[in-house]
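First, one chain by itself in structure tokens, the form predicted on its own.
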């Protein structure tokens, strides 16, 4: 029998087509799987162990998925709970699940798969030679590892299989690879290994592999030789192009994808439209690795930030914004050194011109002539107090600094008062390494709970 995995969306909190979801439930899936996060939005979620997504939105969507699970009578799995997959993120998702179980009157067996790593234990593993860098990897050592705010290991199919083997109705997983939550069941049931990983990669973002990417819901079906994928929203179709292109998504090599325990090779894969908006794929190959390794992600505090925002609208200042900003930057660094005694490498000061080159900086090739320009000043320092003190020094000059010395002082616009905003800690990713394991569960922990509200 083929294995059917219903994928409601690329991530919980992004939304999905509910009619398409119930259509998928009627097709008798064996598993419902959805991702809960990624590193796409930077290191802050990992550093703070908080979700980037609204709790209200996550709970509303999770309610529908828990109802779908109850009707289908199959496990519901979410990977990378709460954006970053730390222990706190998993427990956040557990509290939401417990609230909904009571509200919906459901009795559930819940497995929590924890992925967070103890920095001290990981530092010992580093000293023992079990931690290896990926390319490119930041320089690190045992002391740097011990100082990190949070570290997670990316679970693969084996860890999700262990959670499913408990008989859990719902699996709340810490950090996982996007594909693991989809590939785990077809692999456990003996479906084609290459197809399981390839179909999981295609399906990881829901309907992104279709002509209607925002509709969310797809059904992936796996068997002994390949897989099929079909979107379930009205008017959405998968094509050989839309399906094959997904190997390029967030992947440096369009033919090879590395996962815990090996890699996927789709060099010989072939894609065929089979009607009703579906595509069948065969030919992918799974290549086991000699050593079982999991990827590590770590975040640490890199400073504290305060920002200021002003807008230029005077035609002369808009036309000369880059020259004005360069002159202001030089002046401010001189004043910070004179008044605060800080050398330039003791803090960070960025001036970004929104509407000119705030995104690309010197790489910007556009030649537009905006009506107004936003001036965003980002101050980074060793403490929040120091960052704010620098911002307060910057404040009057950002408001009144002239383009030349022999002209009247200009007055620029501030959108709010006070002009500065404290952003708090600035986090940075500090690990791009792998950890060698003797057994897949060595870096992971399972906790089982039962909620009785039926």
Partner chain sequence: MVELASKVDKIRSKNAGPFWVTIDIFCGSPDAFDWTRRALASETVAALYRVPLDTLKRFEIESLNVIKFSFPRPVPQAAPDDRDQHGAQYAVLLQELTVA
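Residue numbers count along the first chain shown, from 1. Keep in mind that this is a model prediction, so the values were computed, not measured.
There is another form of this protein, the form predicted together with its partner chain, and it is not shown here; the text below is about that form.
Looking at its partner chain in the predicted bound form, residues 87, 126 and 437 place no heavy atom within 4.5 Å of it. Of the candidates 329, 253, 118, 103, 253 is the one whose heavy atoms come within 4.5 Å of its partner chain in the predicted bound form; the others do not. Only one of the listed residues (396, 424, 42, 402) places a non-hydrogen atom within 4.5 angstroms of its partner chain in the predicted bound form, and that residue is 42.
By the criterion of a heavy atom within 4.5 Å, residue 371 is excluded from the residues contacting its partner chain in the predicted bound form. When contacts are judged by a 4.5 Å heavy atom cut-off, residue 138 counts as touching its partner chain in the predicted bound form. Residue contact with its partner chain in the predicted bound form: residue 241 places a heavy atom within 4.5 Å of it. For residue 361, a non-hydrogen atom is located within 4.5 Å of its partner chain in the predicted bound form, even though that partner is not displayed. Partner contacts here mean any heavy atom within 4.5 Å of its partner chain in the predicted bound form, and among 165-173, 319-327, 276-284, 241-249 they occur only in 241-249. Along 412-440, residues 426, 427, 429, 431, 432 each place a heavy atom within 4.5 Å of its partner chain in the predicted bound form.
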